[in-house]
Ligand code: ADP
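Presented as structure tokens, the chain that follows is alone, the form predicted on its own.
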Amino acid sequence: MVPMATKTQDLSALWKQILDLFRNEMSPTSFDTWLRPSRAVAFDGQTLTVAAPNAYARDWLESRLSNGLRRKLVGLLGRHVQVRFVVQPQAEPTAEVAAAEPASLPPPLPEEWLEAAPATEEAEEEDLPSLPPLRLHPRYTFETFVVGPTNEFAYAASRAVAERPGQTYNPLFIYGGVGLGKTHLLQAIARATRAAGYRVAYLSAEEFFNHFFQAIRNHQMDAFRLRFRRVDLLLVDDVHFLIGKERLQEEFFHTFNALYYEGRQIVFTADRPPVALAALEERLRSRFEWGLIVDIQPPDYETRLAILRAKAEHMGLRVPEEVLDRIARHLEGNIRTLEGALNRLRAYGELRGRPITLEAAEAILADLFPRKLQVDPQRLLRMVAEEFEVTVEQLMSTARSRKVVLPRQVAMYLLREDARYSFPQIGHFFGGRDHTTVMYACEKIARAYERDEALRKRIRRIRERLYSAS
């Protein structure tokens, strides 16, 4: 057996790295009580021996940190290494010892201790209950996720978790509306970590409930707990499903604790942030807030266009750029809406055998695009004025204050985008303004619409009134 480390300083450096990793994950009290007094005393290349000052500390470390320590060693050394905990009180060093050169490593452990340890991580897990099958969509990978300003933080956090499970952002809580990419990121984490050899459980909160219910009915709660509390990563989609299920919340709370305190990675998704899950138990909701909370917003225009291009390419669908631009500008919902529009165009092309043109797309997606309303300009002005709390007379005036200029530009933008008025027509309507002034106003609002959520909501409210009006 060839020793991997031959000097005390090598072992000390390794142990210092391990302590630094755990220091960021444990409470200061637990770290100072249990881990700081321990030390690495031997490493023969296959087994790291950790000495605790007493039997209580040894038992605590063995029950709480053994798996987390092995995972960290995999990250540091690139292979599985066994960990052995022993009791070895640390004597106070004499002045002579303190001044001496570092000594060589202590002698190897007794042979019977080495034989008692499982040979590999896999051997230890042979008797664990099987996990739910990983039903992963082949397209849900990090490589196929289209990153934009509204999702880049969630994407970066997910990649960090996949690269260093249990070491950063634990737990990770991703929230956002339907069809914005939460499940995509969750499955990308599952795929990447499973490929790296981690034991991964990925399921929805409803599936977790089904397993829980079956375990109760079949008197198999011990197996249920062993199955979900011995994973390296627990990924749960739609945790808002837990609301109203008290027994399930109780079990979920203890599962969370068991995983968290052993340094195992937990990732959740929901349709709202933890603070908005008011119907959940306070203690469970507070644990969701322990780690990193990130949101995914609806994609902006550039991201929508990139998503459409990527999906069209994957479908083998040839769509003119002007059609993709039209869809990206006017379908502001979720990614599923964009994909649904492309599916319609593909069906048209396959069934009719005709190329997809802008005119054809306008007809096929007519119910998705904003209607070309025969809008009474005065009624539109009243709606804009009411939304921005100004008067119609102020909108039509030459006043240059921001209070008036912004709603006036919004009115121009809506007349252009929804009522399909030309730039000269809009300029004439607003007292003979030059068409270049109207163009500037429309372009300015179009840019602001993509980055200003408050303005976007106001314009949506105006449009809702326009579309619902008879």
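In case it trips you up, residue 1 is the first one in the sequence shown, and so on. The structure displayed is predicted, hence computed values, not measured ones.
There is another form of the same protein, the form predicted together with the named molecule; it is not shown, and what comes next is about it.
- Of the stretches 210-218, 226-234, 137-145, 347-355, only 137-145 has residues with a heavy atom within 4.5 Å of the named molecule in the predicted bound form.
- For the three marked residues, Leu172, Arg272 and Val294, no heavy atom of any sits within 4.5 Å of the named molecule in the predicted bound form.
- For the residues Leu365, Met383, Ile307, Ala205, the 4.5 Å heavy atom test against the named molecule in the predicted bound form is passed only by Ile307.
- Of the residues Arg379, Arg247, Arg318, Arg336, just one reaches the named molecule in the predicted bound form with a heavy atom at 4.5 Å or closer; this is Arg336.
- The named molecule is not drawn, but in the predicted bound form it has no heavy atom within 4.5 Å of Thr168.
- Of the heavy atoms in Gln265, none are within 4.5 Å of the named molecule in the predicted bound form.
- Of the heavy atoms in Ala341, none are within 4.5 Å of the named molecule in the predicted bound form.
- At the 4.5 Å threshold, heavy atoms of Leu180 reach the named molecule in the predicted bound form.
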